[in-house]
Structures are given as C-alpha cells and as structure tokens.
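Single chain ahead, written as structure tokens, the form predicted on its own.
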Amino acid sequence: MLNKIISEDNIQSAKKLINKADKIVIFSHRSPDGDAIGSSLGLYHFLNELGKQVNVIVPNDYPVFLNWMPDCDQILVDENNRELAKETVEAADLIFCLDFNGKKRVGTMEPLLDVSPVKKIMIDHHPDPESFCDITISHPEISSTSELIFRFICRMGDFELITKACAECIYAGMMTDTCAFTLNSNSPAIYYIISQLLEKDIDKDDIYAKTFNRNTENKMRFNGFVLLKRMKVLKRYKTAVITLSTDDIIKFGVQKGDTEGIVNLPMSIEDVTLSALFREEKDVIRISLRSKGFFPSNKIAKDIFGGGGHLNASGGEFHGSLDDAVAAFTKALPDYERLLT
C-alpha cells in the first residue's frame, strides 16, 4: 500500500473544484520533457473518464520520441497557435499546473496564467514552489510529477478509472524522469506503483523501446561528434562540459529532442561527478546539469544561472555568449570543489 503523502485537505479541496468544473486546462512547462507530457496526458485521460472537457497546453513543442503517447496529438502548442491557446484558457473553469513550480517556467504562456481568474491546482515535485495556485500539491521527495498524478488519482478513490492509455502515460513520465529507474528511484513505492500500472495491461518493455530506442543514424553520429569534439573533462573538478553551438545544431540537422539525454552521457565516466551541457539557442544559452550521489547540481544551477531543479538533475539559462556561459561556470567550480571530491 502507498503512504498517503498528499494531505486529505488538498484531496478534498481538489475534488470539489474538479466536480464543479466542466472545462479544464492542463498547463506544463517550456521545453516539455517526458514527465511533463506523461503527467499531463495521464491527468488528461483520467479527467476525460470523469466526463470533463480537457485540454493540455504547452509553450513549445515536445521531443518527437514522445509522440507515441496516447492522444499526444491533442496537445495544444502555444507557439504554434497562440490565439487558440488564449481562447482555450479563457473558456476554462479550472487550471492544473503540472511539473513546474514557478510561473516563469511556462515562458510565453505566463500572461495567460496571470490573467485567468479561475482556480488553479499545482501538482509538482520541484523544490521551493511559488504561491500562485489555490491548491499546491508539492512533494520534492517524490521521483516525478507522473508518480504524483498516480497518487493523486488513487487518493481521489478512482484507481479503477485509470485506463491503459492513462497508465502508459504515467509510466512513461516516471521512467523518463528517473532515467529508466536508474536515478532517484530507490523508493519501494515506485515499484509498487509500477506493479499497479502493469495491472492496467501496459507493456513496460514496449514503452521503453518506443521512447529510448528510436535513434536515427544521424542522431547517433551526432552523439559521436559531441563526445569526440564537444566534450571536455575537467579532471580536477570531476566535471564534464559539453558545448553545442547553433552551427553544430544546423550542421547535423538536429531535431527537437535530439539533444535530450546528451548531458547524461558523461555520467558513465567513472571519475565524473558533474556533467554540464551548454546549448546555444536564439538569444539564450540553455544549461542542463546532472550529478552523482549527493552533489547538489541544483545549487550550481541556482547560484550561477538563476535556475534550479533536483539534486541530481537541474538547469538554468544564461544571456550572453556560449563562451561566457562556460567561463562563468568554470570560474565558479573551485567554490564547489569540496563537494565534488
């Protein structure tokens, strides 16, 4: 049995809001990953079973390797159809905010969130949630927001309403946010939840294959190029640094999601504790960080780049050149040397 980490007050309050609502919108964060899409579609399928009219809206496109998820084609991408996104939010009776803890994480959709007068429910597992929702279900100790969605549905007393499609999305979100259950996944509760999802007739091996085993030849060659030409190992600091310029992206015809997971590659090096990926985009440098053990990658993300995230997986942004972003990072590494050893 699962421990009841979500408070009864939050469950009952959320249940009342859901019962009153006819049109529900689910928001998730910019550059949505597997947990963002998995938790959003998991909740989407559940609310559909309750007879609600549900829309999932994300700021920009999700990686193509997630396009197998049931009803992913129903996701509304704000940057592709801003007017429809605006109309959909304006018609909503209730908004769920999934897998993000602050309004700036939804990028261009922040004004839509700000002006909407309807009640909002946050379900998230990132630390330090902002207080912009009427109900905040925040549990940083939980491995993924998708796991929280499963717990939320069960606490609502509606396990029987979890369809196979719902279960597949929840499992995919849990799997991707734990790097296939190799990171932040030692809780026995995770494997109890998996056993319950298997009862819904999901094929976890097939889900893994559809998500992770879809590399193109071009992407594999790109990965080889990155490791050979764009990775530096700073042995003193047990840190690997990968830099990707816009020219690199163009040269290899990198598609949405092709850089997903690259930051994890150096983590298989025995003496690397911290991996940093610097990816040049229009007007901004995106930084992804991964770490081993108890090293707080999220502290570096926050201190240097104004970002955040989890202990072993975090990120931030830098407004400037790619070289300046890397310089700021390497200059700060001595401050964390004690933690890296």
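Note that residue numbering follows the sequence shown and begins at 1. As the structure is a computational prediction, the values presented were derived from the model and not from experiment.
Absent from the display: the form predicted in complex with a small molecule. The rest refers to it.
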The one option of Gly309, Pro296, Pro70, Pro59 with any heavy atom within 4.5 Å of the small molecule in the predicted bound form is Gly309
The listed residue (Arg155, Lys86, Lys119, His126) that reaches within 4.5 Å of the small molecule in the predicted bound form by any heavy atom is His126
Partner contact check in the predicted bound form: of 42-50, 268-276, 61-69, 283-291, the stretch with a heavy atom within 4.5 Å of the small molecule is 283-291
Please tell me whether any heavy atom belonging to Arg151 falls inside 4.5 Å of a heavy atom of the small molecule, as the geometry stands in the predicted bound form. no
Since only the chain is shown here, I'm wondering whether Ile304 would be in contact with the small molecule in the predicted bound form (any heavy atom pair within 4.5 Å). no
